[in-house]
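Before any questions on how it binds or moves, here is one chain, the form predicted on its own, in structure tokens.
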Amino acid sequence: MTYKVGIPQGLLFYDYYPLWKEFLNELGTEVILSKKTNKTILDQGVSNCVDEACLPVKVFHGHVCDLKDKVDYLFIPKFVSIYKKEFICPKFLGLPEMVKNTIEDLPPIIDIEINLRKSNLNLLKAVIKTGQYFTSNLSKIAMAYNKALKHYERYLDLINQGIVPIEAVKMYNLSLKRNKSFNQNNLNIMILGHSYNLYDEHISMNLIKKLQSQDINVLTPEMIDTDQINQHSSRLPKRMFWSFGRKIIGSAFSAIEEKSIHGIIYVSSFGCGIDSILIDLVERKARENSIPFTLLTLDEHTGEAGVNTRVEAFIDMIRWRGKDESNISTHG
């Protein structure tokens, strides 16, 4: 029997999907994805989630609703920590329980715990526990995971070459190469934020594609070298113990100090406690280095027209600044 395992296209999907998919496929399962985020999924998520949750968590609940009647299992890991001495948002820790207690008639949930705060041994336990849902053969589980890692490394390599995760997800199984180079005549705009805000095209309202359609080079945190991120984030007065916060701060500081960008657009979901700190740190650094900065705060009520207007005005301002800032009339 071939089991169907559902993976919601939300939250950490663009961080780990190739790893999860290939591992589960190697174990003989069929991976089923929820549809891409749309209004129906958003409405289902809002209706089946607590009001206090942020937009990405509500959207994730909508993806679960889309999958629950189509699969034998749902894959919803319980994330605590992905690096030693660091944590991620507490909502990830309680995500499986939130889903179980708000959505009815769910299939069994594979809710293995990922907690690398003290040791990477927990990852091995999580891999084995996941594999044992489908086989008792530990060698098969190990081989499946090692093969999945190779696919995941190709995915990360594509991102490092300058391909945004939205496209890299489609390409990692192909033998494609692309040099990490931008058109030197175009604006370089950094899009900052958590991956689940940046790469979900419904949540971000296709921000990346809209900028690229205007011949703008888009840079995201995932495209910055990990060593550079760690180097720049380590300069903070206190240790950044939020893993995604470290990535955002380190990538932003790296791009700002290297003068490789013309502006920053920070995409945040309303009510995100971590972002409330990160936004202030990035904006201060941008101002110190005369880099234009704007913030887009999104929730389920945000209108696309308003977002388009703000982005267009921001890009127009940067282009004006590059061409005409010194061309000031002697009057006034």
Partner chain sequence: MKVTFPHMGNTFIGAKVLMEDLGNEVILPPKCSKKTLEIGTKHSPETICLPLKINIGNYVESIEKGADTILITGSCGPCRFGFYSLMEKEILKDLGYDVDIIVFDPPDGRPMELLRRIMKAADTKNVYRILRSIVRGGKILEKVDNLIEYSNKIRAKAFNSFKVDTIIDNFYEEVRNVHGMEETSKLIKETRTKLDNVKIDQNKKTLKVGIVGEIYTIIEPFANLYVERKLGHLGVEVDKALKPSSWVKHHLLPGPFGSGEEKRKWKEAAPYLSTLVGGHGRETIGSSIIYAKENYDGIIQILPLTCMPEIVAESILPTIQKDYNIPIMTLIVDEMTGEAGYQTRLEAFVDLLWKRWEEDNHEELLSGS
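Numbering follows the first chain given and starts at 1. Every value quoted in this text rests on a predicted model; they were computed, and no experiment measured them.
What comes next is about the form predicted together with the partner chain, which is not displayed.
S.K.: Spot the stretch among 26-34, 62-70, 259-267, 281-289 with residues whose non-hydrogen atoms come within 4.5 Å of the partner chain in the predicted bound form.
M.R.: Result of the contact check: 281-289.
S.K.: Quick one: of 129, 209, 147, 85, which gets a non-hydrogen atom within 4.5 angstroms of the partner chain in the predicted bound form?
M.R.: When the partner chain is considered in the predicted bound form, the option within 4.5 Å is 85.
S.K.: From the list 156, 98, 110, 216, which entry has a heavy atom within 4.5 Å of the partner chain in the predicted bound form?
M.R.: Here the answer is residue option 98.
S.K.: Is the gap between residue 187 and the partner chain in the predicted bound form 4.5 Å or less for some heavy atom pair?
M.R.: No - in the predicted bound form, heavy atoms of residue 187 and the partner chain never come within 4.5 Å of each other.
S.K.: Going by a heavy atom distance of 4.5 Å, is residue 307 a contact of the partner chain in the predicted bound form?
M.R.: So residue 307 does not count as contacting the partner chain.
S.K.: Looking in the predicted bound form, any heavy atom of residue 242 within 4.5 Å of the partner chain?
M.R.: It does: once the partner chain is placed as it appears in the predicted bound form, residue 242 has a heavy atom within 4.5 Å of it.
S.K.: Is residue 198 part of the interface with the partner chain in the predicted bound form - any heavy atom within 4.5 Å?
M.R.: Residue 198 lies outside the contact set for the partner chain.
S.K.: When the partner chain is placed as it is in the predicted bound form, are 53, 78 and 274 each within 4.5 Å of it, taking any non-hydrogen atom of the residue?
M.R.: Spot residues vs the partner chain: full contact, yes.
S.K.: Does any residue in 90-118 get within 4.5 Å of the partner chain in the predicted bound form, counting heavy atoms only, and if so which ones?
M.R.: Read in sequence order, the residues that approach the partner chain (within 4.5 Å, in the predicted bound form) are 90, 91, 93, 94, 97, 98, 101, 102, 113.
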